[in-house]
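Only one chain is shown below, in structure tokens, and it's the form predicted alone.
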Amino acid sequence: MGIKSPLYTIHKKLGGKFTEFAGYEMPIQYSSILEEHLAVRKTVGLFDVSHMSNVWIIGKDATKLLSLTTTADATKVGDKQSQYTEILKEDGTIIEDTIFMNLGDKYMMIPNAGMNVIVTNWLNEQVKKYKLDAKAEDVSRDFVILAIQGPKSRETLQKLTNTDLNSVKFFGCQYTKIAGVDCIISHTGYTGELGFELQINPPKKAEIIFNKILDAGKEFDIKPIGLGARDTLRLEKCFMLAGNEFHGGRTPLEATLGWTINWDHDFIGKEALLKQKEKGTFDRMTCLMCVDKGIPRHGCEICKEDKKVGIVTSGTLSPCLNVGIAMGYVQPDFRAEGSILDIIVRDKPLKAKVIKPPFVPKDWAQNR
């Protein structure tokens, strides 16, 4: 099996059922994916996401390195702010989507599971190539990452810190203490709900915080959440999963992530993206809600009148909507909102409508 989280023993005690993901043995669920999913949408849930990575970016030219190697202009990301961005190859295709945090004295980047070595090596290669005074240091095994997500996440976490969490704005980040333990807090997440993520060092102290959060959230019926619900939660909000949505070499323009690109600075891959943007004839990420009953899955073909026009990258049964939903790349002429396409599931066409993301609106739980 894979690498175990430092919280493995706690997960076992809580009844976690495990799966291997990107080299890690992580809980996929504790009770049921449906129950855990709805807990996050309606109240609050606690995730161990230690399979994610931690990379310090340090040195006099750390800001230059980030601006060169991502689509973001790091000079525009102030102290105590974080930024979602992509790292690209010269041809404009995505190596990794990631978040980096400006912590004043240095930056922390959070690559996806299993990408820590690839990202660290790539960054350090650019340091040498462009003769920068900077360094990327992989410290993934030195941290545990917890995510607390849901409408009651702030109320729950506020019980454990003197930091006014209302002052930590969306995509804000800072050093703080949670349950007396030093950590880094960021107002981010992967669920589309109110939430925070904690970077905890050393890992042995994460057990204290994990248990304290569960205690603090009892009045809201907090639940531990596994990777199964994490996936359905992100898909309902049309968030990308790197291994699915970027597989095979996709660009930010194809992934409809053009909004993350700061065109006013030079970065690796910019020239290729400008050429693609000018050409305009490329498949783009598209959201499809099933009209017929059925569950689309990764790899299903998307067709129009028996002609293949796209491919599903992620699909599931939406726990909130109880209908099949999918994301996938579709040819530009077939992406108009309201268009009906066929998703081929087990050799049968499943009618689905092109919709504007997300599938589940921000106020979904309030209307239930």
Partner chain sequence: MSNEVRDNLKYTETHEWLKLKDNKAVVGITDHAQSELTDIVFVELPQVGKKVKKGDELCVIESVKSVSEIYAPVSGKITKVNDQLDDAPETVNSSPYDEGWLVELEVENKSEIDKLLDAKSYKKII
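Predicted, not measured: the structure shown is a model, and the values here were computed from it. Positions refer to the first chain, counted from 1.
Another form exists, predicted together with its partner chain; not displayed. Remarks below refer to it.
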(request) Identify whether its partner chain in the predicted complex is within 4.5 Å of every residue in the set N162, A179 and K212, based on non-hydrogen atoms. (result) no
Contact with its partner chain in the predicted complex, heavy atom within 4.5 Å, among K12, K351, R346, K356 goes to R346
Note: exactly one of R284, H265, K237, R297 sits with a heavy atom within 4.5 Å of its partner chain in the predicted complex, namely R297
Answer among 134-142, 74-82, 257-265, 224-232 for heavy atoms within 4.5 Å of its partner chain in the predicted complex: the stretch 224-232
Quiz item: Taking 4.5 angstroms as the cut-off for heavy atoms, does L341 touch its partner chain in the predicted complex?
Solution: no
- Evaluate L65 for contact with its partner chain in the predicted complex, applying a 4.5 angstroms cut-off between non-hydrogen atoms, and reply yes or no. no
Would I58 show up as a contact with its partner chain in the predicted complex if we use heavy atoms at 4.5 Å? no
With a cut-off of 4.5 Å between heavy atoms, is Q331 one of the residues that contacts its partner chain in the predicted complex? no
In sequence order, the residues of 308-326 that place a heavy atom within 4.5 Å of its partner chain in the predicted complex are T316, L317
